[in-house]
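Shown next as structure tokens: one chain only, the form predicted alone.
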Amino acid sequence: MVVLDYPAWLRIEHWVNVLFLTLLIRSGIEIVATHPKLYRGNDSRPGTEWARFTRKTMPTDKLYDTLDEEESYSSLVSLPGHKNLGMGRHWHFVTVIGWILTGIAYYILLFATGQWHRYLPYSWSIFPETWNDILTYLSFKLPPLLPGEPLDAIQKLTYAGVIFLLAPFQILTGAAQSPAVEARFPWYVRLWGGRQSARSLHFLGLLAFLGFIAVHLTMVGLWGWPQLNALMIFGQARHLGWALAASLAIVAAIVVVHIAATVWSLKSPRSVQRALGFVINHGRLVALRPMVSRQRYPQSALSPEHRVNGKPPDSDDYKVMAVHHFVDWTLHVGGLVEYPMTLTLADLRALGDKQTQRVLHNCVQGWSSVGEWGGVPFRNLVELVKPLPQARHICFLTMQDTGRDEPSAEGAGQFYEVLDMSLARHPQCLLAYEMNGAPLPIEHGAPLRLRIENQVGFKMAKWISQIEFISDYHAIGQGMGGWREDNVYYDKDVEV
């Protein structure tokens, strides 16, 4: 019979898990704050949310975008708080990596040492015992522990559920929100009832963890906090005073980490972006970059309304072109290419057969919808201009000036995005001039926008006027690979 004691690895994992879980919860709240509404299915049509965490009411007499819906939550509950989605994403994803690695080590040690007996039941008899334990708790008494075990029946099943069901559930529903995973495995999104259903389930999982933590702390108090705390510090119920001091020191250290992460993010976001991004991006390049979109949504799946993110150019030149259906608009394609050229909208339409794709759009703020996009495959343009060997990236310059067109945004200047050459020939990398069978609407990027389906929405530059093939992007803007990367500290490679 395995002795179900408290080995050192179990105690260390416990406290490391506390750190990662609290970081995940706070950074997750920051991500929710950017679009504080929950939906079912794949659509995020205004008014169809089943839950909302905002009092804002959007106008019905003028164009608004999802940046206008964003909430500013306090740093006391979110990491780092105050409308910092870029920082929240960095902390969430780097913590996910740490949490998953910790969990893998936990599972391995759990089964290698026989400690899995602590959580997995020996027989079906535990279920009637669980019911008896519930009745005992309701009578304000403590039920007996299972023979030779440190837990009663309901505690054992609860821990088993959290460790073997809830934790994997959160990882799997998180993966169902990754654009790269969704694009490569559309069936996986359907498995969860749609992208927004996966997001809602992920949020409910967060609430389940919060509920577990509250009940866990209550149970520890009822069963004798000093003794149980000593077990989690020394492995034995001894030196209760020293155990108290040690646990308070550990909790204080965790609080210090949270404070340091918050202050660092608010005071020096660029260094956080570089440091955490280095870890996250290398993981993405290995796990997600090879995934190629294979989406083929049916006509019936098209969303009745596609939200807007980013306001159109408010310049006279653009307005004149729009009035004349963009017949005078031209696209300059140059940089490190053999054959630079200038194309009209008619020229683009003539670059081979039009490609259409019905795909799931993922906004970095959390909303999604299914749309049909028509245009020229980007690989056709690549083959036409013939990039030079030193061309490693593609820069998309747009007609949007954020200081003029998006006054609520942080920062100003011409909006641009950088795409790696490795993505240029993806089958569903598209220069779109149509949406849902009609000319591309102004609010969605007319006359031309990029579609790259394994990325989140902000990478798909709208209102494009120029495309440059470049060897390096660090001399453009602030050198981070895009306007949002420069100004609001988003990550350049956003397959998740």
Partner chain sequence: MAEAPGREVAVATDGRAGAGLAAIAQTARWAGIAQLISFYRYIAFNVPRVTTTVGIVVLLGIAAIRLYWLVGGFPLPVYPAYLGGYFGLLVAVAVLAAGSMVIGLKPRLVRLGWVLGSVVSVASIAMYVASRTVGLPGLPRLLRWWDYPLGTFAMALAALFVALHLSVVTGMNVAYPQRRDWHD
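Residue numbers count along the first chain shown, from 1. What you see is a predicted model, and the numbers here were worked out from it, not measured in a lab.
Heads up, the form predicted together with its partner chain isn't pictured, but that's what we're talking about next.
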Checking a candidate spot here: are R40, R55 and V77 all in contact with its partner chain in the model of the complex (at least one heavy atom each within 4.5 Å)? yes
Using 4.5 Å between non-hydrogen atoms, is Y297 touching its partner chain in the model of the complex? no
Taking heavy atoms and a 4.5 Å cut-off, does F278 contact its partner chain in the model of the complex? no
Might A175 be said to contact its partner chain in the model of the complex, defining contact as any heavy atom within 4.5 Å? no
Applying a 4.5 Å heavy atom distance criterion, does P427 contact its partner chain in the model of the complex? no
Please pick, from L191, L351, L266, L206, the one residue with any non-hydrogen atom lying within 4.5 angstroms of its partner chain in the model of the complex. L266
Candidate from Y339, W187, F140, Y122 lying within 4.5 Å of its partner chain in the model of the complex - any heavy atom: F140
Within 4.5 angstroms, counting heavy atoms, which one of the listed stretches 430 to 438, 449 to 457, 23 to 31, 58 to 66 is next to its partner chain in the model of the complex? 58 to 66
Using a 4.5 Å cut-off on heavy atoms, what residues in 23 to 52 are near its partner chain in the model of the complex? K37, R40, P46, G47, E49, W50, A51, R52
